[in-house]
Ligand code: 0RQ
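First, one chain by itself: the form predicted on its own, in structure tokens.
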């Protein structure tokens, strides 16, 4: 019996990753742990990928449907995609190899609001779940499971799966024990009851997962780190965007529309979002809280500084240096961080009740405030909608941010009409680029267009947008939201044809 497996019956089920992977057959649906590169199984997916390759050499197919919390790491998405072992992926992907297969039509991808995945699994719309492969930090003597660095949909996978494979990862800090808040009070209509959370730091669940030991068919011991990429040092563009948002918060506090310590922060993943969090270190806000999906480097710095009182999330999304720091100082942070299932961290009703300040990235926005956050040129998936929709529609403030151009200026992030809509204009209150901030609250479409063009568009494209809008005012079928149907996506077609949106 090892120090991380205190349950004798489960200790007796310790086996190799190869043996565990042998339980997974063709066309099975496998629910795996993992969220933004944290807490995903490392050994079993690699062994499964090798088995898939061996089976293919022998002339036999082996492909599986993969459900997770969100993105994972190269040992899971990357390895299985490289082996062409995934027939369906949900609810989110950011792995480049998987992305290439999706865009080639070789892998089906179901992009979902992250708050809806667990409910839909319980409702049965997604079909049966054959096996769950879940990383944990340890197993208690009573068989309860100590979650690792992400929670995601693990509770649902453990409950719904016909069989369970556990990876017990000794790299995960044992001080994680007690940091989690796993709520077992959800139900399907008509039996749903209110969720007992009124402050971001409320705890209303238990610190561990429940799992019937008889469902566990294999336990694999690992010692492998989470794989997260480092954040780039904020450049002038990111700093400018962060500055605009912080000045906006100051303005809202001055107007009495925000309290002095703001409202619970939600921040999407990425360098710009992290730059905004870093900028809050020098902003005049204290006693802040966060109710978000992931905890990034900037949020960890805010916690260490004392300006952020606590953070609720479902996973860590830390650079290697920040992950090492958190592991070495876990005792300092453990009482100020709560890790919850993503159906709680992203729950629309909770987001609205708390009044979160939602800050998320985008690929492009149009002059009326519609946002595309998933597709390049309307058809090539880049990642997924993730939790941005959960927060944007229900936030107290819904903020989307991006550099005003991409690809060295060949693409404008502000366009006449987005090529794919993830967030309709009614869910987008503020758009920010390094050029400025457009507050769209209370503005009708034509006024929105004027503000977005003047505040957010890059100078290289501003006159082109003005020209399009002025001609749309004269030639549109209707004038509520002026649009030239034959030109609305011409910028995208020009890029596809010539490599630039510029005339």
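Numbering follows the first chain given and starts at 1. Every value quoted in this text rests on a predicted model; they were computed, and no experiment measured them.
Keep in mind that the form predicted in complex with the ligand is missing from the display, and what follows is about it.
Participant: Closest heavy atom of residue 226 to the ligand in the predicted complex, within 4.5 Å or not?
Facilitator: The answer is no: residue 226 has no heavy atom within 4.5 Å of the ligand.
Participant: Is residue 270 one of the residues lying within 4.5 Å of the ligand in the predicted complex, judged by heavy atom distances?
Facilitator: Taking the distances in the predicted complex, the answer for residue 270 is yes, it comes within 4.5 Å of the ligand.
Participant: Just to confirm, residue 138 within 4.5 Å of the ligand in the predicted complex by heavy atoms?
Facilitator: Answer no; every heavy atom of residue 138 is more than 4.5 Å from the ligand in the predicted complex.
Participant: Although the ligand is absent from this view, report whether residue 36 comes within 4.5 Å of it in the predicted complex, heavy atoms only.
Facilitator: Answer yes; at least one heavy atom of residue 36 falls within 4.5 Å of the ligand in the predicted complex.
Participant: Looking in the predicted complex, is the ligand within 4.5 Å of a heavy atom from each of 172, 176 and 333?
Facilitator: Not one of the three qualifies.
Participant: Residues in which of 245-253, 429-437, 359-367, 320-328 have heavy atoms within 4.5 Å of the ligand in the predicted complex?
Facilitator: Every other range fails; the passing one is 359-367.
Participant: With the ligand left out of view, choose which of 156, 115, 383, 144 has a non-hydrogen atom within 4.5 angstroms of it in the predicted complex.
Facilitator: Among 156, 115, 383, 144, a heavy atom within 4.5 Å of the ligand in the predicted complex occurs only for 383.
Participant: Give me the residue from 376, 88, 163, 82 that has a heavy atom within 4.5 Å of the ligand in the predicted complex.
Facilitator: Selected residue: 376.
Participant: Going by heavy atoms, what in 90-108 lies within 4.5 angstroms of the ligand in the predicted complex?
Facilitator: Heavy-atom contacts within 4.5 Å come from 92 alone.
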